[in-house]
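Before any questions on how it binds or moves, here is one chain, the form predicted alone, in structure tokens.
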Amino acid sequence: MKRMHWSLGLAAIALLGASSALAQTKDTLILGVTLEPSPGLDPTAGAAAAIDEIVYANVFEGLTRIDETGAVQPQLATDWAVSEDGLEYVFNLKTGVSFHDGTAFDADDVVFSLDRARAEDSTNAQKQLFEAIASVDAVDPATVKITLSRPEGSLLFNLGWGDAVVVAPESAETNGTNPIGTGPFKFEQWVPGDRVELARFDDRVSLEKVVFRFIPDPSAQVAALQAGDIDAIPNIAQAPEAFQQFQADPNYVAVAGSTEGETILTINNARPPFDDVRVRRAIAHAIDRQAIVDLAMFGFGTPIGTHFAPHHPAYVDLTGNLPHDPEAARALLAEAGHGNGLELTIKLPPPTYARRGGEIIAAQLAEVGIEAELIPVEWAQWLEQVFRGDDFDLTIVSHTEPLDIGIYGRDGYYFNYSSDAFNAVMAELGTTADLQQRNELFGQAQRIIADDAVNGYLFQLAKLGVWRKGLEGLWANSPIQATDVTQARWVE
């Protein structure tokens, strides 16, 4: 669940501590974020996206990292070599690097971190990232060799996730409350319910201090920015109407970028009548994606026809595969034995895209004879009833995990889809390193799930960033769940 876009949707809360004067000092950056990390700040032991949003690249680093474009870049590794058979990766490491507590970084820390992440008793939320690793060995203090049991074309990308950051054995067990990494910022304090503070660790960054202030309610975020209590909102997608206001205000910079958030009308494929592809295709034909984007998100978002990010080079535009066609929807329902209509429920978690989108989708379904009962649920209920309990017909959620089309091959995953053809493509993808061939395989996978109408594919969630004029270096896009402030600086 780490990369699903979560919002608590609580009432506006009073801001504690930050003053307008502090928010406008040129060596400090105060960011308003929606969620407080839980249960801690260790990205290798917690599933919440809010953890990575604070510590990824800022506090913790991995062998590789994912940059703003979604490309893999070296981080603690300077470079690497891959054997011809794709089973051995040799990484050359940076030297002279230390953890925030003064412990020296070397190859043994990499071995410890990856062995810990893939161990049988590991609590890592993304253990599947390391499934192909057979062994990790320190060749010398500045060289690590990773041996695979099978070729893994996405290994370098996988090592760039927050779940794969390097931690030290001396501090690993306490990283939840006192995170110690090798990043350019070090952890300073966590005030529960209020904020996390980071301080500059070395001269790779220009800011002396960064504060992540927890403001669950979008309207309170807007008020805090306007009052000068915070300097930026990295993503205000839960209040797109406010984003339009900031676009018109010369005192702010408002940037509309993209995320990895495929927003979908999830269908429980195992529950009749949704186990009939004709019913799923009818639902797809009933949906007007652009209308949902326009009415629920004020035009911010890109319609999609499959589970893949439009900004990725492997993306295939399949929005014309099952286009909005109410007549075709009614015909398919009649063919499937539901000519007199169909009743179903849609469970809606708190985010704006779900609550607003659900109302629009219900109206669109009604046009083809499908009566949808909308059931608002909080996130705890959604996890229990939908994600873990399979107790749902339809639901709406954004999957913001990067390159996560592989979830359609997971046994028992909550939308209960199974396809031998899809699994065969994913198996071949796992053994393919060539970029062009991988993109072709990604295209095949996209077409399979689009043709099977596994889910109703709605739109790619936009990243709507707003910050005070004079601030530069924040990401416009979110190819990974991170609020990277390593390049942030004040220029006025």
Partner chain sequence: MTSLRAMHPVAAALRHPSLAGGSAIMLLVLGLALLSFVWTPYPVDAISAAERLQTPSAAHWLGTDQFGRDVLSRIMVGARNSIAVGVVAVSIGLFAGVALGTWAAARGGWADELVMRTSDVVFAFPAIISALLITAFLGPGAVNAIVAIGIFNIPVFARVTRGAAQQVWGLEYTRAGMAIGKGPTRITIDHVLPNIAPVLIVQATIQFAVAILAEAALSYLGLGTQPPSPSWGRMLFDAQTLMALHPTLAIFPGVAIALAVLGLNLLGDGLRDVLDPRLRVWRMVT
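All of these numbers come straight from a predicted model, not from anything done at the bench. Positions refer to the first chain, counted from 1.
Another form, the form predicted in complex with its partner chain, is not on view; read the next lines as being about it.
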*in the model of the complex, does each residue in the set Glu53, Asp67 and Asn124 place a non-hydrogen atom within 4.5 angstroms of its partner chain?*
no
*asked:* Residue-level question: is Phe298 within 4.5 Å of its partner chain in the model of the complex, judged on heavy atoms?
replied: yes
*Should Pro376 be counted as a contact of its partner chain in the model of the complex, where contact means heavy atoms within 4.5 Å?*
yes
*Report yes if any heavy atom of Asp137 sits within 4.5 Å of a heavy atom of its partner chain in the model of the complex; otherwise report no.*
no
*Would Ile360 show up as a contact with its partner chain in the model of the complex if we use heavy atoms at 4.5 Å?*
yes
*asked:* Counting any non-hydrogen atom inside 4.5 Å, which residue from Asp404, Asp194, Asp294, Glu197 sits next to its partner chain in the model of the complex?
replied: Asp294
_Using a 4.5 Å heavy atom cut-off, which residue among Glu384, Glu241, Asp85, Glu327 comes into contact with its partner chain in the model of the complex?_
Glu241
*Out of 93 to 101, 360 to 368, 256 to 264, 144 to 152, where are the residues with a heavy atom within 4.5 Å of its partner chain in the model of the complex?*
360 to 368
